[in-house]
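Next comes just one chain, in structure tokens: the form predicted on its own.
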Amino acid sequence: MSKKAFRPDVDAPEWKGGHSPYDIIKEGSIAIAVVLILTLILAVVFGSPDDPAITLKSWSTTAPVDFATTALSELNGTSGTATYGAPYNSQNSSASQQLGPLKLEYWIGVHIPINTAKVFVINPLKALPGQPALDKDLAVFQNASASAKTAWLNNYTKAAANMKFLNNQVVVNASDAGPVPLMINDLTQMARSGALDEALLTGDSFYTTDYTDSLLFISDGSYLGQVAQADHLTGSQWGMMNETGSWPGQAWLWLYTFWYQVSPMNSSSNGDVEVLAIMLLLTVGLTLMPFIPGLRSIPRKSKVYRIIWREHYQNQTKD
């Protein structure tokens, strides 16, 4: 049987040089100890700030007009979530996230159904105890015809352009708005008390860790974007890499965030899917590199190994 030919990119050559003793347990223990000490010291000196989470309570307390305006958009069905489409609803006939002709979000369909008027406004208000006037107005609103609801919402929406928050009350000079003013004002008060956060977290399971509803509500307003802008966390500021403020973030995310800064991803409504597709291709290419002729030869032909093992090759030259 003939000897199999040596393949430089696949086969490892037999080492015929010398050997030196090496205590990997000792060296590893020292390395771990040094890294642990440095990590603790650097964490104390340069630790990033632990900013409190943005909640419906903090949002409505800091920017009550923005909260009330967003609540109105949830009620009249004009918010980002209300018009997004799958997976939340079927209001958008064209997929918001698609890759070429592939409408990815519709492959799964509406699997997190959200009627923003009911989920974000009506149902939480119905959960408030001891509110006879509110209960009466909610019944009026729910039993009203579609045309009556539309008229009330349109009248209130027009007047809401001059919305103010005075004496802890949402003030809108709207006429013929039916029960809408009381609903928006009471929801704002509910949010400022913290009760709305709890109402949107209540679920069927024992653990209430699903923040989907509250996060969608917050993201529909402008307050979250303003906070992100101030803390340098928006996409144009490479926000996925940053900690809050001027603190450095996860540098290993640069490859992912880089694609959001170049065309067409920086202006595409499908940017998330396009970046995901690029990263999947790069990951597959990296995984299959040992099997791709040409690519697998780069380390050997570039002789980068001589830099990594430069001490060995220096000694070899001396010999």
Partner chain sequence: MSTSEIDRQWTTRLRKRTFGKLPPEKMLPDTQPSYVSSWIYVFGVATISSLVVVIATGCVLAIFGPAWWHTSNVGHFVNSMHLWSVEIFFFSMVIHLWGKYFMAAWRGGRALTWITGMVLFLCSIVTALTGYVSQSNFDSQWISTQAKDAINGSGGGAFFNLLNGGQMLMWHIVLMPLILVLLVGVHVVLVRIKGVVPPIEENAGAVQ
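Positions refer to the first chain, counted from 1. All values reported here derive from a predicted model rather than from experimental measurement. Basically, rigid core = biggest C-alpha set you can superpose within 1.5 Å across the two forms.
The next section is about a form of this same protein that is not shown, the form predicted in complex with the partner chain.
Only one listed stretch (120 to 128, 137 to 145, 100 to 108, 178 to 186) carries heavy atoms within 4.5 Å of the partner chain in the model of the complex, and that stretch is 100 to 108. Although the partner is absent here, residue 173 sits far enough away that none of its heavy atoms falls within 4.5 Å of the partner chain in the model of the complex. With a 4.5 Å cutoff on heavy atoms, residue 268 does not count as touching the partner chain in the model of the complex; it lies far away. Residue 259 falls outside the set of residues with a heavy atom inside 4.5 Å of the partner chain in the model of the complex. Looking at residue 61, you'd find every heavy atom of it more than 4.5 angstroms from the partner chain in the model of the complex.
Residue 219 is the only one of 169, 219, 155, 83 with a heavy atom lying within 4.5 Å of the partner chain in the model of the complex. This chain lacks the partner; the member of 159, 151, 195, 224 within 4.5 angstroms of the partner chain in the model of the complex by a non-hydrogen atom is 224. In the model of the complex, the residues of 13 to 48 lying within 4.5 Å of the partner chain by at least one heavy atom are, in order, 13, 15, 18, 19, 20, 21, 22, 24, 25, 27, 28, 31, 32, 35, 36, 38, 39, 40, 42, 43, 44, 46, 47, 48. With a cut-off of 2 Å and the rigid core superposed, residue 311 has a Cα displacement that reaches or exceeds the cut-off between this form and the one not shown.
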